[in-house]
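Okay, here we've got a single chain as structure tokens, the form predicted on its own, with questions on binding and movement later.
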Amino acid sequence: MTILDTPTTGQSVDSPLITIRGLVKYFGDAPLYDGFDLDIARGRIISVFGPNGCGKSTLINMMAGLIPIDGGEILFGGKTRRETRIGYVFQNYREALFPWMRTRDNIAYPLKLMGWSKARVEARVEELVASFGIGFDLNRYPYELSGGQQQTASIMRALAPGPEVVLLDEPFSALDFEMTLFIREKLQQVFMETGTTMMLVSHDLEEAVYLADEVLLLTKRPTQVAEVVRFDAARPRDLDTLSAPAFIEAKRHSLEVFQREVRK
């Protein structure tokens, strides 16, 4: 079953989906980003990793339009953010879902904003329910669900419109280990079925390497790209991936770059 109905662009997988040029962001008088450039190819999972305070979450928040930029441009396949369908998964699921809406209505919310018919909305929600194997009651309010169930609903809402890119801000940080494993595998399933580009902020290096095709390693502020580490292991990735020589080397090299940047 297809989880997302991602629009066909006619562009190759390796063509840049996200282009950032001359990005500038100040907090007070201190530059966080100052002349930052980045290209992200479509059809990749990108993990963002770097020192504390380097602006990992700020980067994807600027891409999503949640935080204004002070200079430069961010384009998606040559289009502006307003012209691009973006899914966003917040770190704090407790504040991400509307507490006055039932969970089903939270998931359907972006579809209703897009003007979809009631029948089409219901069909799309049921498609997501089947794909995720949801066993909890979507007619309950978010506060009646566990944390893992709330975050699952948040991810379903982000995926509902078939976004061109999905941005995830530390989506596992508030989850227990069992739910973390479940959602990791669901994200892999989404990616394998659709090739939807994902950009994931992580504070866990093992998780960052495990999920990613590329690990974007950042410097301390003013932030630049320290290095991009490729990890081309086949999917679906599983327990054996964690002990594979290529995984161990990618994690080792990423840690080496990270430590070098922290010590500067």
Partner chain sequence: MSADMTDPAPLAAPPDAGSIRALPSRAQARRRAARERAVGLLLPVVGAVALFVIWALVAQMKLITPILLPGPIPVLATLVQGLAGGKLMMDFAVTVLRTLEAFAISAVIGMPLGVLLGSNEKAYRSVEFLIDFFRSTPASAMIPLFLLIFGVSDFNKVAIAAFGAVLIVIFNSAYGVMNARKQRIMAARVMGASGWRVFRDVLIWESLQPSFVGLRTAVSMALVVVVVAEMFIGSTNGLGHAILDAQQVLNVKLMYAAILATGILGYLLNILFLYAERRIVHWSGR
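Residue numbers count along the first chain shown, from 1. Just so it is clear, the model here is predicted, and its values are computed rather than measured.
Only in words, not in the display: the form predicted in complex with its partner chain, which the text now covers.
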I need the one stretch from 225-233, 65-73, 48-56, 27-35 whose residues put non-hydrogen atoms within 4.5 angstroms of its partner chain in the model of the complex. 65-73
Mark P110 yes when one of its heavy atoms lies within 4.5 Å of a heavy atom of its partner chain in the model of the complex, and no otherwise. yes
Do R81 and its partner chain share at least one heavy atom pair within 4.5 Å in the model of the complex? yes
Contact of N92 with its partner chain in the model of the complex (heavy atom, 4.5 Å): yes
Please check if Y88 has a heavy atom lying within 4.5 Å of any heavy atom of its partner chain in the model of the complex. yes
Select from the listed residues I155, L97, V166, V190 the one whose heavy atoms reach within 4.5 Å of its partner chain in the model of the complex. L97
Taking its partner chain as it sits in the model of the complex, which residues of 131-157 have a non-hydrogen atom within 4.5 Å of it? Please list them. Y141, Y143, R157
